[in-house]
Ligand SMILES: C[S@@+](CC[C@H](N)C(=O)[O-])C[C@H]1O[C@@H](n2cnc3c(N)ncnc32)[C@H](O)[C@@H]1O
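Just one chain is shown here, as structure tokens, and it is the form predicted on its own.
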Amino acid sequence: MSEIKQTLLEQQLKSYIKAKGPVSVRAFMEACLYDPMHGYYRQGNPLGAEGDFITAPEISQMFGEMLGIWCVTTWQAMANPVPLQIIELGPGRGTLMADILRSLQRLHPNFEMISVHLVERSATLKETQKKTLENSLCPVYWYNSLGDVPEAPSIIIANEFLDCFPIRQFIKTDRGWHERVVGLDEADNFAFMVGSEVPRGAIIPSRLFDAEQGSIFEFCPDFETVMKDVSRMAQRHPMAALFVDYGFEGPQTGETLQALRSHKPVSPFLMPGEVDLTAHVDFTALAALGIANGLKCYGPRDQGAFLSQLGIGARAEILVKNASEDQIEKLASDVVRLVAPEHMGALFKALCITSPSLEVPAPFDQKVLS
């Protein structure tokens, strides 16, 4: 790794490990992504074709338009409270919010009663979002955390927000479950190592006690903070939150920590601070935390089924009518990419979390847990 390029953050992490010992996977991810000086999200724009990854809103406007339709139907299900806050967590370049607002303006008569609240930690992305939304007809506000957003009737959107939360990893050994840590090998390279033992019943779900030796279990402590903040928004006002991300219904074993650079998978130890690190979302764990905080949870639904029921196929047919041959081909390709199980349609899922008083939101039809 160091033969390729040793970043300043890599030097700092190695110095720390040599002085203090191995760090948890969570601490390693936190430094790589959010270090105040050299973290990944403190530097350039990681999104789009020239970045390290591309998200659904950047693939097609239809994704944002479908979420806009979901916002309209959810607002109606909330009995159309005004004013209404549309909150987005991790809004990227602002593309998704721009598409959502376009649908809301076209479909809801009370559009002028909306305010937009964006939760973003990256100064670079904030500037990009301001340019994207500079002609918005709604007032737009920025915050560093959801806990800073005022309490009011709200719809919360979070697309590919949770996957970049640092995780803890645990490995099953012949002596039980242990924390997985990052240390240095004999060649002074980063390496996964076995840390302290985890007491039985502390974190590992009971159904995984007898997992095979070498099994990996991942846990995201920050999900609890998110659910507490969402619950706060729902205590005195109607609230509905939509989380769309890649993930699974747990608990399950298996490593999902991954690193991307220029749209290609690389080692999570490559060039710390310059490589995107993410992990799959355990939607069952997220829903359980929502329920523990007094909320209702619905789903998760596969993204393909979710978008199809909202009408992405019909929207594509409308766009095709005034499209060139190249545009028609791209529209068809975009729908397949967003909906087909072998692309994003099955890996990505949608989970809805609401105030206790709200009815089942479309297109969800049942709670994930009782």
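What you see is a predicted model; the values in this text were computed from it and never measured. Numbering starts at 1 and follows the sequence shown.
Not on display, but discussed next: the form predicted in complex with this ligand.
Asks: Looking at 179, 120, 282, 229, which has any heavy atom no more than 4.5 Å from this ligand in the predicted complex?
Replies: Spelling it out, the residue with a heavy atom inside the cut-off is 120.
Asks: Of 274, 218, 99, 88, which residue is found within 4.5 angstroms of this ligand in the predicted complex when only non-hydrogen atoms are counted?
Replies: After the contact test, the surviving option is 88.
Asks: Given the stretches 180-188, 195-203, 121-129, 99-107, which is the single one in contact with this ligand in the predicted complex, using a heavy atom cutoff of 4.5 Å?
Replies: In the other structure, the partner sits against 121-129.
Asks: Check residue 208 for me: does it contact this ligand in the predicted complex (non-hydrogen atoms, 4.5 angstroms)?
Replies: No, no contact at 4.5 Å.
Asks: So, in the predicted complex, is residue 300 in contact with this ligand at a 4.5 angstroms heavy atom limit?
Replies: No.
Asks: Determine whether any heavy atom of residue 55 comes within 4.5 Å of a heavy atom of this ligand in the predicted complex, and answer yes or no.
Replies: Yes, residue 55 is a contact residue.
Asks: With the cut-off set at 4.5 Å between non-hydrogen atoms, does residue 169 touch this ligand in the predicted complex?
Replies: Because no heavy atom of residue 169 falls inside 4.5 Å of this ligand in the predicted complex, the answer is no.
Asks: Can you tell me which bits of 154-175 touch this ligand in the predicted complex, meaning any heavy atom within 4.5 Å?
Replies: Result: 159, 160, 161, 164, 165.
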